[in-house]
Each structure stands twice: as C-alpha cells, then as structure tokens.
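Each of two forms of one protein chain follows alone as structure tokens, named structure 1 and structure 2.
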Structure 1
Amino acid sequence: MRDELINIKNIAVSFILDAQDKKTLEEVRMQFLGRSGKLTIAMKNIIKVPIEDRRDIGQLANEIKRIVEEAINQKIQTLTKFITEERRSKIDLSIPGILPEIGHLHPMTQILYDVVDVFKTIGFQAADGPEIESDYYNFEVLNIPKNHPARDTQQTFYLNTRDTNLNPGEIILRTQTSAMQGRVMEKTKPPLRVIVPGKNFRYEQVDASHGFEFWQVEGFCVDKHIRLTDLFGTISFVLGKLMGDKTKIKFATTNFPFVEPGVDTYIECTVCKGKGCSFCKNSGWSEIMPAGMIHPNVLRKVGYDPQEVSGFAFAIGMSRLVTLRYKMDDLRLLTNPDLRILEQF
C-alpha cells in the first residue's frame, strides 16, 4: 500500500509539472483528487490495511494529498504569472490610451438645476409630487369642478380603473404640476414659497412647440399682503437670471379658473430674435409662463382664509424654456436620442 501511494504521488506531480494550461491542470486534479480519482480510491482502501499499519499509511496518504494540492496551486500561480507577462509583452505602453466616453447632463436637467438654484436664492423650496394624480387635486382643488369647460383645454389621459373600487375618471396622468398646490397647502400653514418641477401629460398634437409629454415648474407663494406686483417682480427677476438681463418680457391678461386675475408671460423669441418663425408662430414672442393671483376659492378649498392671506402662482414651461435658451427651433429635439444632438450640450 505504501509503494502504491508513493507511485501515485510521483505520477501526479509529474503530470502537474507537465501541464501547460489550466484546463489540463484541472483534468489532472480530477484524475487524482476527484471522487473517482486514484488517490481518493487509494485512501478509501486504507481500511483493508492491517490495523497495526493503518495509522502510518493514513498519515502518509494525507501527506501525499497535501503535496499534490500544493503542487497544483503552485502550478496555477506559475501559469497565471506567465499568461500575465505574455500579455504585457504584447502591449505597447508608448501608445496613447483610448479615453472612455463620459456622459453629461441632459440639457433639460441642466436648466432644471439652474431654475431650482435661482428660486432658492429668493426663499423658495422645491417639492415633488406624483405623476399619476387624482382628479380631485388636478382639477377640483384648483377651482375646476366636474363638467367645467376649462377641462376641455387640457385633453386629459384617464387611467383604466376597471376591477377596482375607484369610480371611472378618478385617476389620471397629471396635466399640470399645479396639482401640487392643494397637496402642499393642505399640510402647510402660510407663509410658504414652493416650486414643483415635474413631468406632465396632455393629449396634444405634437409639433415644433408642443408635445404630449412636457416638463413644467409650478411655483406659488402665499403670505399676508401678497400683490400682483410681487408676481411681476418675481417673474422678471427669475427670467432675467435664466435668460439674461436684456431679455424682453411682456405680460398679457388671460383667464385660468385657479387664478384671478390671470396673466400670460411672453419673452421675445430667441430663435428668430423677434422677427417671427415657425416656433413662435410668426409672432416674435413665445409664451413661457402663465401666472396669476391664486383664486380665493382655491385658498378656501385648502383651509386658508382669503381675507387673511393671498398668493400668486405661476407655471414655467420647462421644455419651452430649454429650447428658447439654446435657440432650438423644435421642441422634439429634447427627446431625440441622437448623440450628435445631445453631445452639443
């Protein structure tokens, strides 16, 4: 038995030394140390050895197993070192490396960060809200009850509520980040200054200046003695910081159910510099921020007393702001995955 074990060791070590790759080495390991390996079977047969010799034979078998395992590990290290050195010898270290492509922020994200930074300097806090919204917060809190004609202007996406305990039409994709007005004011006592950046959805005809999916930054301020002039001053300051102090701005009266009075904010089209183009529909001006004084009905709906506090609200069209800032003539460029376009920002 002793001679058999020594013979197995000698053969195993010679095979290990002759192995030229890890695959061959693994085959040698299985041949001697696997379940049906020669050394494994020999160790199982130690039970047949006379009792007085079993201890010595067992120690010898364990020593041989250790020697074989160490020989395999050393051979693995040798092969690994050889492969590494061979690869290094084929690499010309004098050749300049290939710089990895590094991503950067999308222009929408860049402008969003700028908008948030500007509003933080004048005391506004940023809030976030759900894109899947309830009809109550998207419309009813904002003084737009069911069957109100203003709902027709927003072309709402309604979610399927079959097999639920919800009534049809209760859950929608929000059409405006103004839906966060009710959510914030219900939980916060005035004074407050809040902006809400986010994505909105409307079933609109897609063209150079409209899309069914668009970004908006809702903003509102509620306190004692808030006036329309405070709104004009805030809008002028913010747009001056974002678009430049020389940017021309004008206001026009308009109507929204959740503000009274309501105004539309226009800036001179940066694409055509006021001359008229397809983006501004040949008017020379682009609407960028509808706004107004928060309607007393909205204040009452959230538990505020309109005799004690007042406020203003506005909504910056982020998608349009980005295109105007970078003088793009088509809103759809923002969602184009072409890297030749995105790498310009």
Structure 2
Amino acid sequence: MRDELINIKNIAVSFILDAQDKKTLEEVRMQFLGRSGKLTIAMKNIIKVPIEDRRDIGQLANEIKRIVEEAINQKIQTLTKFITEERRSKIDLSIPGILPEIGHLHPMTQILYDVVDVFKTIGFQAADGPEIESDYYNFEVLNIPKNHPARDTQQTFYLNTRDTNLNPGEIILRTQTSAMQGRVMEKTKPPLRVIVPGKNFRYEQVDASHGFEFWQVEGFCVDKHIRLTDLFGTISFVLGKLMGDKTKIKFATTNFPFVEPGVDTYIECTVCKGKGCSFCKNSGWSEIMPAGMIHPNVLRKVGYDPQEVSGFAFAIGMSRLVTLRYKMDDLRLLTNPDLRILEQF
C-alpha cells in the first residue's frame, strides 16, 4: 500500500510537471483527485489496511494528497504567469493607446472654475447678471456720469430702442461686470464678498489683443472695516493660488472713477520671466487686475454710509489669465472652435 501510494504520487507529480496547459492539468487533477481518481480510490482502500499500519498509511496518504494539490496549484500559477507573459510579449507596446472619446473643457472655463474655487475658500460667492444693461448700472452708479472722460476707455454698444419710448443710449451692452456692484449692493447689506464672472462688450476693432466681446471676473468685498491692505492681501492670495506661489506681483496707482484709492496690479510676465517680450510689450510685467477701495460716492448711491462701511473692488481679465497661463498670444484663439486647439486642453 505504501509503495502504491508513493508510486501514485510520483506519477501524479510527473504528469503535473508535464502538463502544458490548464486543460491538461485539470484532466490530471481529475485522474488523481477526482471522485474516482487514483489517489481518491487508494485513500478509500486505506480501510483495508491492517489496523496497526492504518494510522501511518493514513498520514502518508494525506501528506501525498497535500503534495499533489500543492504541485497542481504551483503549476497553475506557473501556467498563468506563462500565459500572461506570453500574451504581453505578443503585444507591440509601442502602439499608442486607444483614447476614450471624451471632450475637452475650454481653457477659459478651466481657469474660471479655478478662480471661482479660490475665491470660495475665502468666502466669496458668485453672482450672475444681465449683459443687456442700463447706462445707470454700467456707468452712473459707478461714479461715471454722462460725458465723463473715463467713458472714452469703454466705448459702448447701444441697443436699438425701436418700438419703445426709451432714449437711445439708455440701454447698452455692459462694458464691465462692475455693473453688478450696484445691482447686488442695493439689494442687500454688508458684509458682502462677491465675484461676478461674465461677458462684456466694448466697441473695439478686433486684433490679437482686443476683441469686442471679452470675459471678466468682477469682485467686491464690503464690511465694517475693509482696508487697502486687505485688498493687497486678497489679490496676492488669489494670484498666488492661480498662477503659483512664486509669481511676482506689484501694485501701482491708477484712476477709475469708482475707486479711491485706485490700484492696478501687475504680474511678472510668465512668458519671458520678466525679461521683456512681445507678450508684455517689453516691460516684463503684465497688467492683470485693476482694483481699488470703493469710492464713497458709489457706497452712498447704493444706500450705504461710507463712514460706517468700506470696501474694495477689483476686476480680473480672464483672457489675460489664459494668455499668461497657456502662453496663447492671440485672443482670437479663444473663440476659434478648431478642435486642434481645443483638444490641447
């Protein structure tokens, strides 16, 4: 009996080692370990062994069964490994992958979402307002009365007033998202932290750096005690997050009728790293974010008391952000629907 068992083991192991595929191996398994397999039958016959030897033989049989099973398992692993390796070896790894057919978000949208997210972390909510706007919200409420020279910098499209009794010139396409300052402020009270992304329109001939439609993110913050240093801090934080912490920025004085003091923000040109190039008109710096402390006249117009509350406001030129981040040197690319452009983002 002992010899018989050892013989079965030897044959089984040699069959297992010879097996070239999983199917043969399975046959071998059935031949020895199956219901009527040789080892199974042999083990059933242990009962016929004299009682004094039965325990030893039983142990041996179990041991042999374990060896055979292990050999099979090992062989399965070897065969699997062999198969996967063989399959991989047959693959031409240099053939490019098959891309899932997904679409691409426009670069401006990607940056816009970043802008919205960054401002959200410091408590700014987003608002959305009309593009067909009144002269009042676009100019008057912002301390830019009719015939103010500042209107020169924002040449305006006027809507046709036919079939109405409205004066030509009263209804325009907004030239700045700042138009939303008055709308939001007169409907609610401070504290306020608001951004307004949106499209604006100006009467400008189209070239590489001008378009008659452009995107801006207006922002303003009004509370009991908002300081110029808060404006500097907020702009630095936001531009650092959007353009990288190493981005260099500097501030300068400027004038917009709806702020006092007025601030302009320059960012070191990302293209030439400040050395001067065609992007930044050789200055090494790019104007990116006009801003300032909200003028007391604006606060008064929306019903706030400038001695009680103060605030800052700013505007970010979206196309300038896109230009600086992706080094796109022509604004016209932003409205070009060519997939060879869109698929890069």
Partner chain sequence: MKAPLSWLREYVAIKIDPKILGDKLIEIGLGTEKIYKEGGETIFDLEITPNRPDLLSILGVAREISAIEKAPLKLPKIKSDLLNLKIKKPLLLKIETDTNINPRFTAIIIKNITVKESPKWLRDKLIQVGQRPINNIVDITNFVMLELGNPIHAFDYDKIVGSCMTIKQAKGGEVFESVDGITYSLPKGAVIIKDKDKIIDLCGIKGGKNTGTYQETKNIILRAPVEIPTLIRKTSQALGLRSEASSIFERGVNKGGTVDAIRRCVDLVLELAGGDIASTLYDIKKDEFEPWSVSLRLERLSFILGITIPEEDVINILTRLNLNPKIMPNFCNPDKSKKSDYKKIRMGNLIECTIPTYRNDLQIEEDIIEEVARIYGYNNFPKTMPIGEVPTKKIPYFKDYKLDEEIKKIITSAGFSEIYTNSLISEDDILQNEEDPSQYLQINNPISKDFKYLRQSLKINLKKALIQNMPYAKHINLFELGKIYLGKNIKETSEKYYLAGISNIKSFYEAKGVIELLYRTLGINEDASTAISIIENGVYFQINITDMLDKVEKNKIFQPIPKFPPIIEDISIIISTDIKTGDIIESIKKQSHLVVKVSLLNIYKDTRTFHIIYQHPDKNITSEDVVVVRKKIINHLKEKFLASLK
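In this text, rigid core is short for the largest set of C-alphas that superpose within 1.5 Å between two forms. Sequence positions of structure 1, starting at 1, serve as the residue numbers. Worth saying up front: this structure is predicted, and the values here are computed from it rather than measured.
- In this comparison the chain labelled structure 1 is the form predicted alone, and the other chain is not.
- Treating the chain as two rigid bodies that shift between structure 1 and structure 2, residue 285 and residue 135 fall into the same rigid part, each C-alpha being assigned to the part whose superposition fits it better.
- Relative to the larger rigid part, the smaller one is rotated between structure 1 and structure 2 by 86°, as taken from C-alpha superpositions.
- After superposing on the rigid core, the C-alpha of residue 101 is displaced by 3.4 Å between structure 1 and structure 2.
- Here the two forms are laid over each other by their core, and the C-alpha of residue 13 is off by 67.8 Å between structure 1 and structure 2.
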